[in-house]
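Given next, in structure tokens, is a single chain: the form predicted alone.
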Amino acid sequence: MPPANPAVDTAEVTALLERGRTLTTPVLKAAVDRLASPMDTVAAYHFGWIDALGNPADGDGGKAVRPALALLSAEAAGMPAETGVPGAVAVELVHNFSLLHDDLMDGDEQRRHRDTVWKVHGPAQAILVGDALFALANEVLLELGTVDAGRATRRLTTASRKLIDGQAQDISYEHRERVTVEECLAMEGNKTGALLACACSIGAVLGGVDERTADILESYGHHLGLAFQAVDDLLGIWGDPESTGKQTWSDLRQRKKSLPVVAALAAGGPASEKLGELLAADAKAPDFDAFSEEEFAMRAALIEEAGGREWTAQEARRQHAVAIEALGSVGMPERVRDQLTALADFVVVRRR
């Protein structure tokens, strides 16, 4: 299923992701500990540090791509990786704020192979803890008290606003019969690209890099985010539930106008027309409870037949190439450039 097949150095990428977790997690836990009870416990459950009964757990805390990028961002500016830790923590807090709210809005009952927060602790706690994590993100940066921390906070708040714009667009598209490819890319550029772009510049900004360099690093991250989301869209339909931790045909169940769906509808031809008829009828159905697995499989097959799957894979490859090209405009240690390239390669070959 991979949309590209670069030779990913798995050991190097694993080490980068693990470094991100190792340096970020203690600061992240200290920030979460500031929350009033029971929000601290609910947040700890969401991050996988405890189970639903409050017992210590070694849960799947996610891929940790954003923290890894924030630390590399600092190194791209010639600073130690540790300079980027507050930025990595802030980005992770905003990212998880969005996950808590998204799971509730989408009705997702599973994330990372376990029940979501709203399912275990209720919708109210999911909303409150999400809000608290968002506030903590700004607090972690601003308490540094430097001019560069203020610059970093401005970039983070702008990215957060774009992320929320993207989520609002995503929800509105679920109730429309047709969405253009351009609209879908703009939505995904907000919902996924903006925060990933911020992660790629925030460490450098904390290290005092100039605005032009920070903007170029953000450009790398923006296009990487679009590649990341294109792969997510493929996994949302054809991903293995054992790997993704979500239901089969997850995005189809939620009526998402993801890139494969939108591209298939725009392609024309018999499969595209049949898919359009089915989705138009689906939009009038109150829910999908009565749908069989075969009916979702048929929609997935029509999307593939119409070319939506291959178009999305090609778009992931294109966005990946643009991201790598942007790195050529920034002077940085070659080791860091190679590691940023390795992470970009990982994004387009992942299975979850």
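Keep in mind it's a predicted model, so treat the numbers as computed, not measured. Quick note: we count residues from 1 along the sequence shown, nothing fancier.
A second form of this protein, the form predicted in complex with another copy of the chain, is not displayed here; the remarks below concern that form.
Stretch-level contact check against another copy of the chain in the model of the complex with heavy atoms at 4.5 Å: of 148 to 156, 227 to 235, 261 to 269, 72 to 80, the positive one is 148 to 156. When contacts are judged by a 4.5 Å heavy atom cut-off, residue 248 does not count as touching another copy of the chain in the model of the complex. Contact check for residue 282: every heavy atom lies farther than 4.5 Å from another copy of the chain in the model of the complex. Using a 4.5 angstroms limit between non-hydrogen atoms, residue 278 is distant from another copy of the chain in the model of the complex. Though the partner is left out of this view, residue 167 does reach within 4.5 Å of another copy of the chain in the model of the complex, counting heavy atoms only.
With the partner omitted here, the residue from 191, 256, 111, 101 that has a non-hydrogen atom within 4.5 angstroms of another copy of the chain in the model of the complex is 101.
When another copy of the chain is considered in the model of the complex, only one residue from 39, 326, 64, 300 comes within 4.5 Å through any heavy atom, namely 39. Using a 4.5 angstroms heavy atom cutoff to another copy of the chain in the model of the complex, all of 132, 139 and 161 count as contacting.
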